[in-house]
Structures are given as C-alpha cells and as structure tokens.
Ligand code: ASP
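There is one chain below, alone, in structure tokens, taken in the form predicted on its own.
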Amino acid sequence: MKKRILLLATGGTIASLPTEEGLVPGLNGAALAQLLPAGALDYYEVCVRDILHLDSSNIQPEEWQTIARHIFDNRLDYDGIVITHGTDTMAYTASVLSFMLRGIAIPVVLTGAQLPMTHPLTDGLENLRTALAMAASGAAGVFLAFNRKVMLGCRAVKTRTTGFEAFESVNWPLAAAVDGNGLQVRPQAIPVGAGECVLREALCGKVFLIKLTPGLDPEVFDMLLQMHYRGIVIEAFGAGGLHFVRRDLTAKLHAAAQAGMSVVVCSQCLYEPSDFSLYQAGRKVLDQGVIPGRDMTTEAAVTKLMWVLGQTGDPVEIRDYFSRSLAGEVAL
C-alpha cells in the first residue's frame, strides 16, 4: 500500500519565478509536484495544499503557528508530511516546530532549494524526492532534507548562501542519508518521542539575539529591558567568555536576571559545546544566573527560548526546560 504524504507548500526559492524585481514565489504546490520526474510520485499517494506563499525572510512566529496547526490537524490522516520552504529561515522553522510538536508520531520533513524548481540545474528535484522518501520512512520527528542528507530539525544550520550543500547537522549525526541502497535511516540519531503529541503553539516574540563583539557596551541590556524584551540569547566568545574589564557585561546580566529577563548564553563557535566552568570569564557569567546553551545551535537556542517563554514566565520552570533535551537539541 502506498504511503499517504501531505505536501504543504509555503513558497521560497524552490517555488520562485524570475521577475523584474528578482525571484518571487510564483509556483503553487501542485506545480512543484508536477515538475518531479515521471514516476517519482508512483511510490506515494500525495495530497498537496498551499498554506503560504512567501519568501522565507518573511516567515515569522505567526507563520510558524500557521504551519504547526496544519501539521497537527493532519497528523492522523497521513503517514508523513513534507513542507516546502525557503532556505533562509528554514533552520529556524525546523527548530521551532520540533518544540511546538513534541512527540509527533510521523515524519515531518522540511525541504527547499538553492535554485528554483523551473531552473534546468535545480537542486529542488533531488531535495523534494529525498524529503518524500523520509516522510514515507516512518521515522517520527521533525527533519530537514537537503542535498541527499536528512538532519534532525533542531540541529540543522544553513552554512552556505548558494552551494547545494547548504545545510549542516551541527553537533549531531545525520538522521538519514541517500546512497546506492536508497534512503538509509539511522535510528540511533533520532530521539525517542516524549509521550503523545500536543500542539503547544504559544510563542514569545520578545526574544533578542546578540552576537558578542569586543567592547560591546553593556547599556544595550538597559535598552532591551526598556523595550520589554523577556529573553536574550548571547553568542559569547569561544567556550563561553564575556568581557568584564572596563565594560562589565556580567553586572548587567545580573541586573537583567533580577528584572525577570531570561538570558541564554551559547558560543559563537559552530561546533562543540560551550563550557562556562572552564575560564574565570565564564564562571562569572554562571554566577549571574544565566542559562548555559551548551551545544545548541543558535537557531535552536532562540526558538526554544521563544517557545519556553510562551509556555511559562516562572524562572524555575524556564531553567528546567533548558536543563533537558526536548527534541534532541542539546546533548546531555
């Protein structure tokens, strides 16, 4: 029996057409499916729905909620779901869906392209075929398929602007890959689901991301407090250092924590975890009550904080959420 796959189209480069103003999403989901090679859909029963028609730069928390609702409402009627999406914010969407749809029992696979589907050299054909195969695999969770590789959604990071190998799985093995034997799923790289899936779509948009630079003025935190931001993610130096000589960031972090702001600190380095116990600069940060991001990607840290703050404002509960892995986003 053919696996039933739902294809949700949201726009992006894969669906774009050239215009005088540049590439603009112009193909609907049915048109994308029709561009697949003859026979590519013979293995699946595919239902196509258009839910958005956007460049992914315009996909924001409201769109994440729309996508999550469509997935949740259809999860019992299909064996898997594929989402076509622009590449620029795909890693953020994949991460936040991992939290909003914890425990989903079917594969949810995001994919897109670096060249539009109508381009003679498009990578979209292969990416969409890989996504369909993963959606039919029965492996539960949220994934991102690109360049014949499948990554855990909350571990994917876009690392190239034009190269076909646009995404990498950071600090986590691939969930699946295509080789001469077809799609090879790696169960050991897929976290076990946590109970029944319940849609928890509440998000807090008042989360700010700061990339630490030498000499950053600590008063930026005063500004963020005045703007009523509830959370900050800081990309610190190396294993987790922040400066405290002359411009004392640690004192401002303490004030921010006392004012009820949640501060998550991770590393600017793409690979390997942060470790705030290693250096004096890092230990001073821990003393101020900040939350270590460990080996989370920036995309996962930001979306997890947005999601957690949408669930609770209790500092103890917030810290508890960040002390454990919810969808494989952090190694314990």
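Numbering starts at 1 and runs along the sequence shown. All values reported here derive from a predicted model rather than from experimental measurement.
Below: the form predicted together with ligand ASP, not depicted.
I need to confirm a contact call. Of D79, D248, E201, D88, which residue comes within 4.5 Å of ligand ASP in the predicted bound form, counting heavy atoms only?
Comparing distances to ligand ASP in the predicted bound form, the residue within 4.5 Å is D88.
Please pick, from V142, A113, M134, A175, the one residue with any non-hydrogen atom lying within 4.5 angstroms of ligand ASP in the predicted bound form.
Selected option: A113.
Check D55 for me: does it contact ligand ASP in the predicted bound form (non-hydrogen atoms, 4.5 angstroms)?
D55: yes, in contact with ligand ASP in the predicted bound form.
Those residues of 6 to 29 which, in the predicted bound form, come within 4.5 Å of ligand ASP by heavy atom:
Counting only heavy atoms within 4.5 Å of ligand ASP in the predicted bound form, the contacting residues of 6 to 29 are G12, T13.
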